[in-house]
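Take a look at this single chain in structure tokens; it is the form predicted alone.
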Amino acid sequence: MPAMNPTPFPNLLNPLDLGFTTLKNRVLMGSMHTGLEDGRKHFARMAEFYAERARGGVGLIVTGGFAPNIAGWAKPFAGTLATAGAARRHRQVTDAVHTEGGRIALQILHTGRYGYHPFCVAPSRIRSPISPFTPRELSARGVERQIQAFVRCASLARDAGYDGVEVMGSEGYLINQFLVGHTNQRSDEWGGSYANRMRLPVEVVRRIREAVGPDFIIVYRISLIDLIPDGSSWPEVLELARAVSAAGATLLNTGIGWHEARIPTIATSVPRAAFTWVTRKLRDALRAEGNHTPVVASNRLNMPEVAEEVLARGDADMVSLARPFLADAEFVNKAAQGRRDEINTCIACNQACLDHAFANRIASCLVNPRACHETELRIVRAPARKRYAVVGAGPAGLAAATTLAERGHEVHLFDAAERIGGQFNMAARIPGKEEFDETLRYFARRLELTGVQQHLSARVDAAALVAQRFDAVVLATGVTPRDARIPGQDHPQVLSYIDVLLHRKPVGRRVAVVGAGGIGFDVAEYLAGGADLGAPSHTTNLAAWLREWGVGDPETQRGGVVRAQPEPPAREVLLLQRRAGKHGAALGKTTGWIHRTALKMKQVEMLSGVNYERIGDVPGVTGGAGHPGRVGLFVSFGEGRKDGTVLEVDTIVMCAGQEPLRELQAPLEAAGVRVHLIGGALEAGELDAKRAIDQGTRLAVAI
């Protein structure tokens, strides 16, 4: 009998013995608030969402957070588990997961002062910087009621068929607020000394264990590095880990940073596995004391080889992947079957997950719009095979072409470029956006598997499409840069963002970037950081990234916050916008602040309310032998066009928006061809890959 091929990820796929039960692998699907938790009408969708992940092979699923009572709500009428009736509704979810052979735990989330409602409570009456509501300070009796609510919620979770619960003790929520001195200024038995401040989590875990018995999983989410000034010290973290373990916690899951921290923790610019060194510190300390409670690593673990390395070097006993299961429900199965190249990788953009959650919208995923929409976006074989042409191999076209082919249609994909990806190829060159290459790798493989016929490096015209008698043509031709109509913009020292990012034309040392949308921010960061000059991206250099953002060892600095030490800028960059007000106002809610901070660290000068009067040479200013002189961008400010001045720069880069590129539409429709517009060809605006992939997928499911 021939020997079986060994798994490429032996540590990741190794079962984990918890004593009373065994998990089939070391993969935990971390908690994400999807919005499906917040209404009875969504339970069928939530059941299908988790069932698909269970079918995909994950070892243990943790749900989005459910409050144990009204005081713990994240927002008014947020998901709550506090009654037997609610527990019965959850049976739909747990039964669906168990039918697929999965395990699932319910996260108990009490937001404390982070609650976005007037009933929020906290250890002390101190308002959070990210909420407009000042919390009510809990009395000693009130603290006891919160503990009882946690215990009741856990007991109801067991009644509902859950295999366990996760007690949310990190990210700055209620339990975390009790642990840290600047949010807990009490002088009673729940405040003062650390022994008193940590009583709440220890009591919660101890009493839950008493209520649910020995054969129920209790995950405790512990904040290992708060990333806020005066956060927990490392001895305090260790003391808490020992105590909750002794109180009955089955697993210690890693929490990184409070929500109010000004250090990114899960965005795409954060290096992969950026914080597993902290988990290793905890695991090593516990093991040295003979404590073998499994420790779970988290944050920016988005591919199986990353998770495998974390486990192989002893950073953790298990890994928590949250958003990667939005991107690909089959993550574990694909890894186990040697299909790593088929994994749809989470690019940590936050655009459809966290940004949706904070806007009270159902979450999804930029690279997988089916996430949380499985019941409406079912990809089934079409009743009749048809022939489709998709023109444009950017994100919209790729999503449409592959989904149409998956449904059994004959699909021809056309693009004038020599490779797929469209403007994603430019995005991937921005420091911190290297993950975009993973999306193109995924789509390239999916094109092969679905049998899409590719016609690259040749611009197709309407006559050729008409001649081939397609049943319909999908135009995903994207956008073209908008004409900014600035007098003198044809100056040789004026470049477009395409010139800079795609064609790599040389750029001088002092640069004006016209337009402060997403592309303008990207170009400013690209040039200020010197990416085109060979400067390495800190996304692939953890030590440099930690220095740049001021992340230190919590063993030597409370909360792990030290002075940031960004690299000096490679260029002097001015970022200009016509509208008044803050730059990047339209950027994602959960990532915009990161981009603004990154540019400030690179000393990018941001000017608002700018009127672009003209572009021209600056008299008497030359660049020396063999070098062009400086070019002048003549501007004024405000509605009154006041304070006219000239900005003397070496290069002007135009990022002034885009217009739809749909020149094929009219001749095709005139010839009687059915035409569908998607992506930038339908609506330009800012480049929006989330909208593009969603439109491509939905169209392909519908036609």
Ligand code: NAP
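Don't overthink the numbering: it's just position in the shown sequence, from 1. Predicted model, so just to flag it, every value in this text is computed and none were measured.
Same protein, other form: the form predicted together with this ligand, not shown, and the subject of what follows.
Select from the listed residues 310, 208, 473, 514 the one whose heavy atoms reach within 4.5 Å of this ligand in the predicted complex. By the 4.5 Å criterion, the partner-contacting residue is 514.
Single option in 518, 632, 164, 566 placed near this ligand in the predicted complex, where near means a heavy atom within 4.5 Å: It is 518 that has a heavy atom within 4.5 Å of the partner.
Okay, which stretch from 666-674, 653-661, 22-30, 57-65 lines this ligand in the predicted complex, with non-hydrogen atoms inside 4.5 Å? It is the stretch 653-661.
At the 4.5 Å heavy atom threshold, is residue 484 in contact with this ligand in the predicted complex? Residue 484: yes, in contact with this ligand in the predicted complex.
In the predicted complex, residue 90 touching this ligand (heavy atom, 4.5 Å): No.
Just to confirm, residue 80 within 4.5 Å of this ligand in the predicted complex by heavy atoms? Taking the distances in the predicted complex, the answer for residue 80 is no, it never comes within 4.5 Å of this ligand.
Indicate whether this ligand has at least one heavy atom within 4.5 Å of a heavy atom of residue 577 in the predicted complex. Output for residue 577 is yes: heavy atoms within 4.5 Å of this ligand.
Are there residues in 336-352 with a heavy atom within 4.5 Å of this ligand in the predicted complex, and which are they, in order? The one in contact is 351.
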